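First, one chain by itself: the form predicted on its own, in C-alpha cells.
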Amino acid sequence: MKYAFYPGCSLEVNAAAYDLSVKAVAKTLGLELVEVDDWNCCGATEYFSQDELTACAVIARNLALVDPACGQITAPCAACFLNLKKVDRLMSEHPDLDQKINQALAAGGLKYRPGSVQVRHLLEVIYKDVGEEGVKARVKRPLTGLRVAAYYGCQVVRPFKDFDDPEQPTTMDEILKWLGAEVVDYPVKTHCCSGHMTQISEPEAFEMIRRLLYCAQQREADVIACACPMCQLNMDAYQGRVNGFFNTNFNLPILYFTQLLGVAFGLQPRELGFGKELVAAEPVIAAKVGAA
C-alpha cells in the first residue's frame, strides 16, 4: 500500500518521536510512505487568521505536489491533516476560491484539481487499510495490563465526519485494544489541550491541561496516547508547570499511539523515540508489559 507522506514541521523537531515511530510502524505494517518532495509548512492555525487566500494557496501547493498516480496523502499531525483536508474541501465547494488558488499555484508551475487527492490521517489508514487482522498478526508483545487513555484532541475528528464520530471517536481505542491494551473510559478524549493558549494565558491553558490529566488519573490510566504533536507537547512539557500551579502530582507519560503500536510489534524503544518525552514512559511500559 503506497501513500504520499506529509510529515509537517513538528515531526522534524519537537515531535521527532512521532516521526520515528510512524516510519518504524509503517515499515512493519507494509505501508509505503513516500515523502512529498519539497513540501512546505501547512501554516498551522495562525496563517488563516492573517490571510486566508495565501494560507489556502500555501497548503494547496502541498496537494499539487502529490504524485497523481498515488492519489492519496497521509499526515500524522492533526493540524496538518485538518489544513490539507480543509483546503481541498474549500476548493471543491467554492469555485471562485479554487480559481484564485490555482492562479497562485500557476506562478510556480503547479495546478491542483480539488478532490484528486484523498487526505487521510494515519489513524484512518491503519484502522481501515491494515485492519484488525493485519495489526493483530504483527503483535509480538501484547500490551496486556497497560491501561491507556486514548486522546484524540480537537482536530483529528472535527469538523469532518469522514472516518470517526466527532464527539465519541473510537478508532484509536479499537487499535489499542487490538494490541491487548486496556483502554479506559475517557470522557474528555476530544476536549482541547489548549493549543497555543500557553503563550497567551497560562492560567486558562493550565486548567485545560489539568482537566485532561486529572481525568486520566481518575481512570487510573498508566499512559495517555495521542495523535497530535501539539497535544503531546502541552500535556508532556507543561505537566510539571501544571503541578506547580495547582499543587497536583501528575506523573503521566504522554505517548504517540504509534509508539504503543511499535512496543506491541516488538520494536526497540530507541527505534520508536522513547526517551524524548519529559515524563519518562519506559519504566511504566516495563512495569506493566515487561522489558523490551
Partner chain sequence: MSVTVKSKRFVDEVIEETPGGHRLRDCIQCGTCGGSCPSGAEMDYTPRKMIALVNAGRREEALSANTMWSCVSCYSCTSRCPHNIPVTDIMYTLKRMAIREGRVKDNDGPALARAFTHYVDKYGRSFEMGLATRYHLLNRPFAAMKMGGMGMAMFLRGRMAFTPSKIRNIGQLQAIINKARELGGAS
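The structure presented is a predicted model; accordingly, all values stated were derived computationally and were not measured. Positions refer to the first chain, counted from 1.
Although it is not shown, the form predicted in complex with the partner chain is what the next lines describe.
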4.5 Å heavy atom contact, Q199 and the partner chain in the predicted complex: yes
Taking the partner chain as it sits in the predicted complex, is C9 in contact with it (heavy atom to heavy atom, 4.5 Å or less)? yes
At 4.5 Å between heavy atoms, is G108 in contact with the partner chain in the predicted complex? yes
Though only this chain appears here, would N14 touch the partner chain in the predicted complex if you measure heavy atom gaps against 4.5 Å? yes
Hey, of 170 to 178, 132 to 140, 118 to 126, 153 to 161, which bit sits against the partner chain in the predicted complex at 4.5 Å between non-hydrogen atoms? 153 to 161
For the partner chain, considered in the predicted complex: do all three of F5, A216 and A286 come within 4.5 Å of it, counting heavy atoms only? no
Between the options L31, A44, L252, L267, which residue brings a heavy atom to within 4.5 Å of the partner chain in the predicted complex? A44
Taking heavy atoms and a 4.5 Å limit, what residues of 51 to 74 are near the partner chain in the predicted complex? D51, E52, L53, T54, A57, V58, R61
